[in-house]
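Encoded as structure tokens, the following chain is the form predicted on its own, with no partner shown.
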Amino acid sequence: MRALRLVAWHHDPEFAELPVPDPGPGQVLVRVGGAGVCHSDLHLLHDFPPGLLDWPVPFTLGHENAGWVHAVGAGVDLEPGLPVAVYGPWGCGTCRTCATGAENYCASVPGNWTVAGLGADGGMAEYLLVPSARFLVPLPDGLSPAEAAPLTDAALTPYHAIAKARSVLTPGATAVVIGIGGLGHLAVQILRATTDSEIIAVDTKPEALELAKTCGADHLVHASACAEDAVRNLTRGAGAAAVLDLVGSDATLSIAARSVAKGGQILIVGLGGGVLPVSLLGTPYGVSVTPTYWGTRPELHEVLRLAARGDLRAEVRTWPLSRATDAYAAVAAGTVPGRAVVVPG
């Protein structure tokens, strides 16, 4: 089978021919129907120095995956042909956090543990070997693997962050979403579907702000030096109850810190490498700061239900596997509204 691989750090991905995996006991071989191109892959390819992550190379890219059960190992009771989404953060399954379905915070694996597309072979290939059936969620009727693939990260990650802020997102509260890209346009929809908050979208690109408007944002703010002033004006000086920073740069974290209300929450999702200074007099009183990572298995079920009932839809542009490098180039150039998805076959 053909696969797009990370072959070395600080190196463009390359295609390789690999044997189709044979599932062992408890494993499932998935025929890939969609693999999302995540901006974090660009950090992986070009920004991370050798030795930063304890991952052997090469490995196949692609950590947002969906497809169909193709073959199963001994002890697995799944029918071939079943359409499934792949839950990405593969934990141990037995520790305290994994027992609740929060395998994204597995307590038993190293900080840089390997999962599909992140150290282990992922879904930028014709087939993906999944180590356990518990990592597969059947797709609701009407939702194709190409539509579902980005929901496994680009929707699940902001859904998890928003869930952590539910206590402050009371009716009439304000939520700010910084960065309206693959995750941000879905974060706006999740806020609209699951809260009664006023939604302020912040970005530098007019087309991104227009996408946020179509997704349900109430107010659009350009991410300029005075973005926090616009947020304060829109909230009559109070600030936002929750700020989701899906970029994570110094500039966006500064906007977040100056836009949040007393007692509010800043949720850091983006991998922009920024630093948020926190001090008694430099941060509004009572503010909590939460870096979040991916989401839980129960939350993926909830995300797929939102999509099935029409409350959540990823803006998707597709490429065939043979042109997967073009998809990565388009994401790097910032020309993809929403999410890029590679569709093998």
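All of these numbers come straight from a predicted model, not from anything done at the bench. Start at 1 and count along the sequence shown; that's the residue number.
Keep in mind that the form predicted together with a small molecule is not shown, yet the notes after this line are about it.
Chemist: Check each of 38, 28, 300, 307 and return the one that places a heavy atom within 4.5 angstroms of the small molecule in the predicted complex.
Modeler: Only one option qualifies, and that one is 38.
Chemist: Check each of 72, 169, 137, 271 and return the one that places a heavy atom within 4.5 angstroms of the small molecule in the predicted complex.
Modeler: Partner contact (heavy atom, 4.5 Å) among the options: 271.
Chemist: May I ask you to state whether residue 203 is within 4.5 Å of the small molecule in the predicted complex, using heavy atom distances?
Modeler: Flag for residue 203 set to no.
Chemist: Is residue 68 part of the interface with the small molecule in the predicted complex - any heavy atom within 4.5 Å?
Modeler: Because no heavy atom of residue 68 falls inside 4.5 Å of the small molecule in the predicted complex, the answer is no.
Chemist: Is residue 103 part of the interface with the small molecule in the predicted complex - any heavy atom within 4.5 Å?
Modeler: Output for residue 103 is no: heavy atoms all beyond 4.5 Å of the small molecule.
Chemist: Considering only heavy atoms, tell me if residue 294 and the small molecule come within 4.5 Å of each other in the predicted complex.
Modeler: Residue-level check for residue 294: yes, a contact with the small molecule.
Chemist: Give a yes or no on whether each residue among 175, 197 and 232 has a heavy atom within 4.5 Å of the small molecule in the predicted complex.
Modeler: Looking in the predicted complex, the three residues 175, 197 and 232 all stay beyond 4.5 Å of the small molecule (heavy atoms).
Chemist: What stretch, of 222-230, 256-264, 126-134, 150-158, brings heavy atoms to within 4.5 Å of the small molecule in the predicted complex?
Modeler: After filtering at 4.5 Å, what remains is 150-158.
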